[in-house]
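Single chain ahead, written as structure tokens, the form predicted alone.
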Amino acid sequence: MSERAPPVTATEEQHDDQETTREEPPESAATEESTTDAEPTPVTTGAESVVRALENAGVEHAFGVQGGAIMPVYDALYDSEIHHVTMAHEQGASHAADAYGIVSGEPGICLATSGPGATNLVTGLADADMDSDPVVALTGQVPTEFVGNDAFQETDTTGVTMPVTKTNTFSSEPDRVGTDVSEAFALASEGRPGPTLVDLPKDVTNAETDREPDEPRTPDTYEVQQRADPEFVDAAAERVEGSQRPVMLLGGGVIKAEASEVCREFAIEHEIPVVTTMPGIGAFPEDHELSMEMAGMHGTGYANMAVTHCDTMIAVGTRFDDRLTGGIETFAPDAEIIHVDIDPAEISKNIHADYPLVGDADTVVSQLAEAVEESPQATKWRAQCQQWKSDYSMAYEAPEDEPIKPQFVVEALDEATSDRAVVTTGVGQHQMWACQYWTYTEPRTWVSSHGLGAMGYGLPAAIGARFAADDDQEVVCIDGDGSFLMTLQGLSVAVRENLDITVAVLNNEYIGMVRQWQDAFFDGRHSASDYGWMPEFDTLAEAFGAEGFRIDDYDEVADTIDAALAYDGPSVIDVHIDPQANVYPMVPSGGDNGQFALTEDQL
């Protein structure tokens, strides 16, 4: 988002009037131009070196919360052109940075102080780690002489975050601290993306140094294989050519590798039906006839049928997690698996790969495209896939005399926005409805917490997404009442920054997914899932300074959504939906994807 120009004072207006007849620009303008073109001011402290490293990396926005141990870095940020967004909670900072990285493709930056500030980042870092999202976290730390002494707000940040980061560093030398940050930035996005962290003791950032940080680059020992073994590629190509029931399975790695286009071209050229994982939503246009949409626990019935009955699966950029596979022994039982992944550790970790193709997704799929000379003969298979679409339609009933169906609201939001709109969500039933009933056609337009399943992700993610998205892209957060309640203090940030985001809270006064499981597997015993004590979110939004709306009836949906989207700033729609609405299809944990349930009595 562009910043507004400061108001012109009366003195400045008078000066401008006096100077309008001059042919040469005023001296002040020339000075400003020369200052802009001048070399940056040399660094003098470790904190300035940290900020210089961010500037060298092209960082434009950072999300964080100020505090004692990180204060020197914030003081250096004061003179930087980096736009710092003060968040209302450090968890929000990490989620905002995560979403910024998803939408922009560049690492998102979050900052926090030592102790509770750093530990509050952990949920967001764990989320980024499980979803392989590029994030750089900078945490303040007590002075090195106090480390290990249980000093005020001291926490072993590198120890705490080691399991949930790609790499982390305790930076102990003023001459090295800026380069540590540069390296962390490079590592966050190189190879398999993920969160990195640099812990910054206060004496190190306060210390004097004139050392300019190195440009962002990974260590010499860090090597990433880009191209797959040609022999394996040729063998995989032969398998594709001979397949009668092929499927492409596109995961989040396709989007992170900017491989959506080459995967689309390959699938369309060879007329291969395409299934996505939840992180892979948007990698292939869901309005294309070859799209079977999302597979897995709450995937479409037709996607799960295609996965179950295929004879060849070209899986790209997926780790085959349990929410996708269900029971491993029943997952694609007749298929030979071609697995493309940048991380060799994912090959045959959960599902055996018959054709392991290790390398960058864009590069390897291009290799495969060159090697495949004939399209598979799969006319009957494509017809079968289309028949499954008809047999297991995602249609639903919406009687006007019953409470609003959430599916109807999601479809109305989709219809009212452009194809490039960015959707963020929390976690729960609303997240699944947002997957199922919004038609995604572009990568980097679906932003959610997948592997960790962090409730409260939606609103701070919308804040981060808004800064990363183009000005003409709408940003819509589809949230649940339980999820929204966890991080709604972020509304204060959205109001302060005047962010044009629209939040639709699908309010059923339950932790809906828990209630659904309790009904199905715990005899309807609603232990701690009934949220009948929810506040009025439209009124609460107004208290924060946002625009609040409420929907209770079907005839209010379209006009209210249009009004909320038209509002130039943050808006919240409190949509009171059917409290008994459930998410289907559903495959119970560890179940057979081909035996999905369409109603509760089928579970």
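Fair warning: this is a prediction, and the values are worked out from it, not measured in the lab. One rule holds for the numbers: they count along the sequence shown, beginning at 1.
The same protein also exists as the form predicted in complex with a small molecule; that form is not shown, yet it is the one meant from here on.
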Handout entry: Residue contact check: residue 191 to the small molecule in the predicted complex, 4.5 Å heavy atom
Key = no
Handout entry: Contact test in the predicted complex: residue 510 vs the small molecule, heavy atoms, 4.5 Å
Key = yes
Exercise for the section: Would you please decide whether residue 454 lies within 4.5 angstroms of the small molecule in the predicted complex, comparing each non-hydrogen atom pair? Expected result: yes
Practice task
Spell out, yes or no, whether the shortest heavy atom distance between residue 428 and the small molecule in the predicted complex is within 4.5 Å.
Solution key: yes
Practice task
Would you mind picking the one in 318, 304, 483, 165 that has a heavy atom within 4.5 Å of the small molecule in the predicted complex?
Solution key: 483
Exercise for the section: Would you mind picking the one in 147, 488, 514, 297 that has a heavy atom within 4.5 Å of the small molecule in the predicted complex? Expected result: 514
Practice task
With the small molecule left out here, work out from 446-454, 177-185, 202-210, 70-78 which stretch has heavy atoms within 4.5 Å of it in the predicted complex.
Solution key: 446-454
